[in-house]
Structures are given as C-alpha cells and as structure tokens.
Ligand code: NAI
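Just the one chain here, laid out as structure tokens, in the form predicted alone.
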C-alpha cells in the first residue's frame, strides 16, 4: 500500500489545480479521477459549450454581415464538424492537464476511487484494485444534473428524447424544435446555440425571470434580445409531464404544451456525495452537500472539500480558488475563502458578466447604496461593433464607504471585463482611487470608468 501526503479525489478544476499546487508545495500527491481529467467543466460543460457557442457566433456574424458592409451569402452550419471541432478542443486540453500533472510529479490514477475509511495511518481509498493511503484528503467529487420526478422525464432520458448537459453537446443533427426546461446559465447557453443554428427554441422556466440570481434588468435585456431572435420564453411555468413529442406545463392554472423533437433538462445541479464511500467517514452534510468552513475544512480532521461538492458556488473558477485555499492551509499557510467577489458569466451573444451585490440583493440586505447605470453606447468600440446595441453596465456603490459592491453588464466582452470589477470589490478600493486608474481607449471596458465618474 502506497502512502501519500495528500489524496485528491476528483480531477475536475478544483481537483487537478489543487493537486498541482500541492505537488509544487512539496506534498507527495495522488489524484484519482474515474473519467477524464478536467471533470464536467472541461468534458461536458464550460469548454465544450464555449466551443459550440463560438461557432454559433461566427455563423451569426455571417448571417448579418451586410450590417458591416461585408457580403457573406449562403453561409451554412455543419453540425457534425462543429462537434468534431469541439471534441478536438476538449482532447487537447485534457492532454494538457495530463502533461501538467506529470510535470508537477502528481501520480494520476484513472479509475473510480472508493473511500474505505480511515485509520491511524490516514485515509484509505481503493482504486483499480489497489488501496492507497493519504495522510490528508481533498474531496472534489463535483456535481451532477438534477433530474426531478417529472412524469416521463427519466423515460425520455433513457430513449434519447430528453438530454442533460452531457448529451446536448454531442448532437450531430440540429433538432427542428428544442424545448429547454430551465432558464439558468446552462439552459440559456444551449438555447442560444441551437437558436442561432436553426432550431425553434422554447424555454420553460418556473421563476418569473431567467438567469437565476442575475440582476433583473440585465436578465430582462438578455431575454428581450433572444425573444427578438425567435426564442419563446414561458416564465412562471411548472413542467408537469414530458413525452409523446411534447412538454406539458402549468401556466396560470392551465395545462398547456409545446411540441419538441428534443428536450434539454437544465433545471440545476447537485453535489455528488454518494457512490464513493463518503459515509465511512461520517462527514457532515448541509443541504445535500459537504459542509466546509472558510478554510475548506470539513468536520473530519484532515479532510477538505472543494468545488461543486460543497454546494456553495458551483462555478469552475470558485473550485480553483477553494482548492488553493485548502492546499495553502494544508501547507500551513494562512488563507481563507471569500465569496463576496466571485464573478459569473453567461456566454450568450450578447454576453452577461456579473459580480457582487445586485440592486435587488442590496435592497434585501438593507444596504445603503447608489446605483449608477450607463449605456454601452458610451463606448466608441461598442458602437462600431454593435449597431443598435442595447447593452448596459450597472455599478452598485456603498454610500457609506464609497466603494463598489457590485458590477453587472450585458455586452460583448463582458466575460473578459468582469474580473476587473471583481478586483475593485475584493480590494475595497475607494471610488476616488478607482477614478485614477487609466483604462485603454477605445474599449468597451472604459464604460465602467465612465460609470464611476457618475457616482455622487
């Protein structure tokens, strides 16, 4: 039985990044992953969906090239080639992670890891017929798609009529009619892609708005953009049945239905806490996820958890940072996890970028804030690239301390800009000091600076 300083269970963003950091810190590290390195994010989520969405964006530009004075008649989409390209991107990145693990000296076992308990030597994990022992362990088991007990849903998954985030990325034919159950990030991104490439898309959402906790004004602008492109939104509707080529839902007390060739179930995700022996350690759970403190520690000494499995903020970049916090504490370095400035992005066209408090959340918390809103049409580059665009940026400012509490925007490049707003919040820099920062011109991001000058 081989002894390690650290066993990392799960090779997604939180796991592989933490394993590399641990190895660089001098820890003998074992990484166990049952499928492919990169986890859901790289293989079935973040990266493959971005590959598809970029193909759709290029196709959109071709179809509207006359606006820019460019002739591009007869553009077509080849779904099989789009999927092939996506697979190539994923394969290259998975190989890259493997190379990083090898370079760092991390031992990788490609097998299902099952916790066998703990004794005086450490945590025991069986994988591929071998038992390994770790003085400490980091669980990064990730999450899985929620499949609620809606009549016909599981049967639809079995026969291919219904898909999750995994199957929808590998369709080699574009469905004529696609119904998306759930108006969150996954549902919206796939609705965006398939709408662009020719599907008639209907989004059925239980809430009265799309995009979950996103600022309501931003989510309304996004919905209006896609309604203009032909996506139908049925808000405040509860799906009651799936099958026979349709999705049935309750709307204002009446049962209605919409036809579908394919259905995407994108209701949400839940932490994976079963199937790998977690119960042998008597780990405390909270709302179905592993409970962790600000140091990523669980109630079991020497056991840490990072990423979706702790259910806090299910985003890959959150997992990166949580894993780093865990490793730093294992190495004896003081570090803690903070959740006030975690950016989130919806990679639709236009993109949405958000970080910090929204206008609604600030009000709910009783915070005394000033809300500054500015049109993206204040940017010369935005006007040049987005004729007729309706993008905005909203800055939420703490009146007492004169600091940024939140920034929310909808515009091209929002995904690449929002990290700067996260820095503003994380560093608690005052508005006066932020005004002294020079932004490049002409850029879309300089609208954020212009908004800061509107703060009273």
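Positions refer to the first chain, counted from 1. Bear in mind that the values here come from a model prediction, so they are computed numbers and not experimental data.
As for the form predicted together with this ligand, it is not shown, yet the points below apply to it.
The partner is not drawn, yet in the model of the complex one stretch among 342-350, 96-104, 327-335, 122-130 has residues with heavy atoms inside 4.5 Å of this ligand: 342-350. Proximity of residue 186 to this ligand in the model of the complex falls within the 4.5 Å heavy atom cutoff. Put simply, residue 150 is close to this ligand in the model of the complex: some heavy atom of it is within 4.5 Å. Though the partner is left out of this view, residue 315 does reach within 4.5 Å of this ligand in the model of the complex, counting heavy atoms only. This ligand is not shown here, but in the model of the complex it comes within 4.5 Å of a heavy atom of residue 204. Of the listed positions (171, 115, 376, 237), a single one reaches within 4.5 angstroms of this ligand by any non-hydrogen atom in the model of the complex, namely 237. This chain lacks the partner; the member of 138, 263, 355, 266 within 4.5 angstroms of this ligand in the model of the complex by a non-hydrogen atom is 266.
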